[in-house]
Each structure stands twice: as C-alpha cells, then as structure tokens.
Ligand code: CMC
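The chain below stands alone, shown as structure tokens; this is the form predicted on its own.
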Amino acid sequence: MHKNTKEMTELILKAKEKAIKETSHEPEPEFTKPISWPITCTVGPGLEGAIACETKIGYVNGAKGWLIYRGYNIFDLCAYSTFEEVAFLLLHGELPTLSQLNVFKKKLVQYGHIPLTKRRLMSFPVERMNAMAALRLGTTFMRQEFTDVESQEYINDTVKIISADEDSIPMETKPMGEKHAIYEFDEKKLLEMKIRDNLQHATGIESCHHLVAGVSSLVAAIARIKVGRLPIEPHPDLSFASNFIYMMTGKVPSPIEERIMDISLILHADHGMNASTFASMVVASTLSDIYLSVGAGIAALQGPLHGGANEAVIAMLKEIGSVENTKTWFEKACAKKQKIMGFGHRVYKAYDPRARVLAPLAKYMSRKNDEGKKLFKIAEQLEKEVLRTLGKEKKIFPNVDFYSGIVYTCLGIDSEFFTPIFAASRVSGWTARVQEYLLNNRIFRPRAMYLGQFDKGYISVKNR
C-alpha cells in the first residue's frame, strides 16, 4: 500500500467502527437460512419482498446497514482489498492466492484489448449518443468479436442444457399440469447444463472475465470518443483501477487517485437483487448468453431511478449554490414534497455503508479541488438538514449516490460517466449472480392479476 493512501484506510476503518457502534442494537440478519421450496412470503408491487432464489454472493441488511460480499464486510474489503481481488471473489467464491491474483490481473489487461469492438463502435455517432446507450451497443459488438453465437454455423444445443422448468412446473390451466409445482433438479441435467468454460459459447467463466475487462475498456473508449480523442489500450503495468483512469484521461493517475477509484469500484460491485441484477438474471434464465444478460443489466441501470442518481445529486448541489442557501432550499423542497436526491433507499433503514465510506473520502479528495470543496460543503450542510428532520422521522439517510458524484468530480470525470463507471464495476456482480443462478436455473415466470373484462362481443370494424 502506498504511504499516501494509509490515511484513506484509516478513514474507512473509522467509518466501520462508527457503523458498528450505531447499529449494534438493530435486529440480527434476516433472509439467511436455506429455503425449502415452495415458500410463503409477502409480496408488494414490483415484486418487492419476493424471494426468487438462494445466493452465497452478497447480502444486504437494511436495518444494520450491512453490505457483505461472500462473507466479507464492505469496510474491510475497501480498507485492504483491490477491485481485482473483489471481482475474483464474487466470481470464484474465495479471495485469490497471490499466484491466482497475478494470473487474473494479466488476464484482465489482456481481455481489455478489444480492437474490433472499438473500431465498430467508432463507426457509430457515439459523440451524439447517451454514454449508456453506447455502452450497450459496445457489449453487443464484444459478443460479435469474441464469440461465434451470431454465425450461421453456431448451434445452441438447448436439448442438453434445458433446465427442469418444463417438466416440473404445472401448466396454468388444468388438467394439463400437476396440482402443485414439483421442485426438482435432475443431477444429470444439472451436469449437462453447467456453464461451459468456453468463449465460443458465450456462457462460461471466461466470458465473464472478458466482460469485466471489456466493459471498463468500453466506458473509457466512449469517454474519449465523445471529446474527439482516440481510445487508449490498457497498460500492462497498471492495476485495473489505474488503467481505468488512464484509458479515460490519457494520464497515469496518482496513487491516491488510483486508490479512490479502486474503492469506488469495490463499493459498486454487487448489491443484492437490485433492478439491473434482476434484469440480467431474467435474461440469463431463458438460456440466453452472458453478453445479452449484461446488456439487459446496462439497460436497467440506465434508468434514472436506478443508476443516474449521483449525476442528479451534483445537479441538485449546483442548484442550491451555496452553504448559506442550503436551509432555505431544503425547506422549499420539503414544502413542495420534492425528492431530495441521494437520500433514502428501498432496503436501508440505516446509514448506507457505502455512503459511510464515500463521505470521508469525498471530504479528503475535495481539500485540493475547488469545485469539489464547494460541492462537499453544500452536501455536508444538506445532510445535516435532512438528518435533523427526515432522518429522525423516517430513517432517511444518505445513500451511495450522495457522495460518489463528488468523488468522481474531484477525479475530473464528467457527470455523464458516473453511471457508466457504476456499470463497469457492477458487471462483476451481474456475471457472478448469473453464473450462480444457472446452476439451479428456473426461468422467471411471475403472474399478473388480470383486471380486464370478459365476454366482450366482437364488433366488425365498420360498426365501431
């Protein structure tokens, strides 16, 4: 660890200590026991509260403000680990040995070279496209460059890899199906459908590695193309986080900038069954390939209710304009019942642990950045106003988006790329969860409650 980054480690460990102290009285973890299917649970609109699967990858405890990756709490991973280690952990189940880590690092650099994908992407008007739209397009080109799934010769042997769905779930209309669903997974079928480690089939673990490396290269390439510059290839001597900044800016980052980006990528790598993760898993459950599954995740993340909040936070802080105007702005916003961007979360009823890490880092980074310093002081004051009122009444606290935009601003990154950075990190979580789910695959098939009419008589078009 570089000597100049030790202070950041100490800030993270202090945040951990504060989190433990403030939430020690909260209930113990929920949703952590093996499931005996079928189960009964309370489901709200948008499948809120539904239990769709079991996982060993990640866990969010909203009451305590916990975020766990494969048994490790997020504070320790941010303090001591790197994004390469965390991506390996999510995909392979354990932290890598030194030799495994060195091989994985080299592989990510190698897989970050996507020349044909970049060439195809540059043939489109990327400078006029939304960055996330360009990223979705880029993953499709990666699929074409590194697999044969689009060729006429490719045969998808669905007979061998089909899951137990079709012979174990009853039909919706009697008498075709069983009275109750039979939850069974034949051992032979499971062995046949296990993900093959072959890039040609666009489903194996190597494709996941390819996407973890390739999506970051795409984000960096899009950033450069949008300002009229040519993409840069990854440097073999740089870390993943350092390469990411280097490919975006053309400059090798300082150890502090590298460490800040590393921590940011770790924080965004996985977060339960969120909308983009669920979208990826739904597509994968049809036995579509991992490239299209990641494309679905990117599409879901593009929505402003999911991935665009940190960009909206920066716009909000600029609108407030000054520390002195913060209280007045907040009171007016409350009177109009306006949403305060960067606060509240569907899961957390405690302080988001990711925000606990990012807040002191944003303060640390803003010390020598005039724009960042101004934004942070306004954010700090706004947090005080929110916690004084909504925090006590409704347990609304800052989430990951409130401070992440300030961190990226201090790194000199344009706000348009806040969400693509999110995607470059989250692809590790998407691919890990898809791989895990496919081992016991069941195509997602919820029901909708029909509220329409019956027995309407058909009227010919001339009489309508």
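Note that residue numbering follows the sequence shown and begins at 1. Bear in mind the structure is a predicted one, so any value in this text is a computation, not a measurement.
Here the subject shifts to the form predicted together with this ligand, a form of this protein not shown in this document.
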Report yes if any heavy atom of residue 345 sits within 4.5 Å of a heavy atom of this ligand in the predicted complex; otherwise report no. yes
Is residue 373 part of the interface with this ligand in the predicted complex - any heavy atom within 4.5 Å? no
Quick one: is residue 236 in contact with this ligand in the predicted complex, heavy atoms, 4.5 Å cut-off? no
Spell out, yes or no, whether the shortest heavy atom distance between residue 400 and this ligand in the predicted complex is within 4.5 Å. yes
Quick one: find which of 251-259, 305-313, 377-385, 136-144 has residues within 4.5 Å of this ligand in the predicted complex by heavy atom distance. 305-313
Find the only residue in 411, 396, 68, 438 having a heavy atom within 4.5 Å of this ligand in the predicted complex. 396
Which residue, 130, 100, 73, 338, is the contact with this ligand in the predicted complex, using a 4.5 Å heavy atom cutoff? 338
So which bits of 349-385 sit within 4.5 Å of this ligand in the predicted complex, heavy atoms only? 354
